[in-house]
Every structure is written in C-alpha cells, then in structure tokens.
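Quick heads-up: it's one chain on its own, the form predicted alone, in structure tokens.
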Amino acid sequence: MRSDAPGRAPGRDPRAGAELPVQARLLAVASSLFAERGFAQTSVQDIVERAGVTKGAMYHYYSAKDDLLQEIYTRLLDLQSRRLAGIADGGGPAAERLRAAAADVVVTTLDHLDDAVVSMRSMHMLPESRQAAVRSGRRRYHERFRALVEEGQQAGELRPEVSADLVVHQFFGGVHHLGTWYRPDGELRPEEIGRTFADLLLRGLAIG
C-alpha cells in the first residue's frame, strides 16, 4: 500500500505567503501542509487556519481538498511542460537540448519542492477519474522528453542501441526521489544538482 505519510525535507515557511491573494495563499499553504503532514492527515480546517481565512473563503475557490491537490499537481506540470516545449523546439543539437531539458526539470522540481513532493506522494488519493487526467498529462510530458532522446539517437548524437523508454524511466526515477533527500539549506544548490543530473544522463548516452 502506498503511503501518504510525511518524511520530507522541510520547505519554506508557509507564513511567508501571508501577503499573497487568498487563492494563491490557499494553494501555498495546502502544498506546504500536504507535503509536511500528508494529504489524508491535513484537514480543511488546518488549511484555512494556517492561511488565515474562513472556510467560506476557501469554498469560494475550491469545493474540496481534491481540487487543491489537483491544482498543485497541474500548476507544476504546466510550468514544466511549457519550459520543456520551449527547450525542445529551440535550435541546436538534440543532445544539447536534452541536456538543457534534463537540468531544467531538476531545477524546477527543487524550486517547487512542496508541489513536487505532494505530486509524487498523494496523487493516488484523487478519485480515479481525476487520476486519469493527471496520468495523461504526465505521459505527454514524458513522451516529449523521450522524443528528444530519439531525435538525438536518429541524428547520431546519442547511443542508438539504448531504449529511449528506459532512459526516461531511469532519469525520472531519480527526479521523483529528489524530495527524499534534498535540503534547501544544504550545500548543493538546485542549479548544481540539475547540471550534475544532466551530465550523468548525457554521459550514459554518449557515443564512444
């Protein structure tokens, strides 16, 4: 059975978003609490108390916790999808665009760590119909990333005998575990980690 329990690196203080508009504040607080305590262990009352709003204010924007959970996931995926499209559709060798895309998804994951942790640990708690939409969006992202690998292979820039599907599974396995060990106050910065992940990926695909 998959767990929704916490056990994550501490994120930013949710009270730092007190100046945000109500809807944005609710999302920021929900993301922090879901990552800290788990989705199931966080009540609507917990969210509105920390956000400093009433339940009525929350229900003006969100009818249930499920809505918050899905939007937390969607906003990160939308951001990463836009950035991937911009990189993939740019000029230059496919291998270098793949390097940039690999570094970018690591950095954006770490820059939005609470959202990423919630996405990895709690999406299975959405109703099945909503999970289907979530999986479809993530699949499109992975397929676009895989297409970059295949483009590099077809151009003779990357090892052709390596399964592009396996490359994607292996790389994103590492990305999905970032929340289990990364510490915002640690020595490694997101950009450094992103460069290292990208370098390891490209070294594994290098010809010769």
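Since the structure is predicted, the reported quantities are computational estimates derived from the model, not experimental observations. Each residue number is its position in the shown sequence, starting from 1.
Unshown form predicted in complex with a further copy of the same chain; subsequent notes refer to it.
When contacts are defined as a non-hydrogen atom within 4.5 Å, none of P21, V48 and G52 contacts a further copy of the same chain in the predicted bound form. In the predicted bound form, a further copy of the same chain sits within 4.5 Å of a heavy atom belonging to R121. Q41 belongs to the set of residues with a heavy atom inside 4.5 Å of a further copy of the same chain in the predicted bound form.
Remark: L166 counts among the residues lining a further copy of the same chain in the predicted bound form, judged by a heavy atom distance of 4.5 Å or less. Using a 4.5 Å cutoff between non-hydrogen atoms, H177 counts as a contact of a further copy of the same chain in the predicted bound form.
Residues are counted as partner-facing when one of their heavy atoms sits within 4.5 Å of a further copy of the same chain in the predicted bound form; in 179-202 these are W181, L188, I193, T196, F197, D199, L200, in sequence order.
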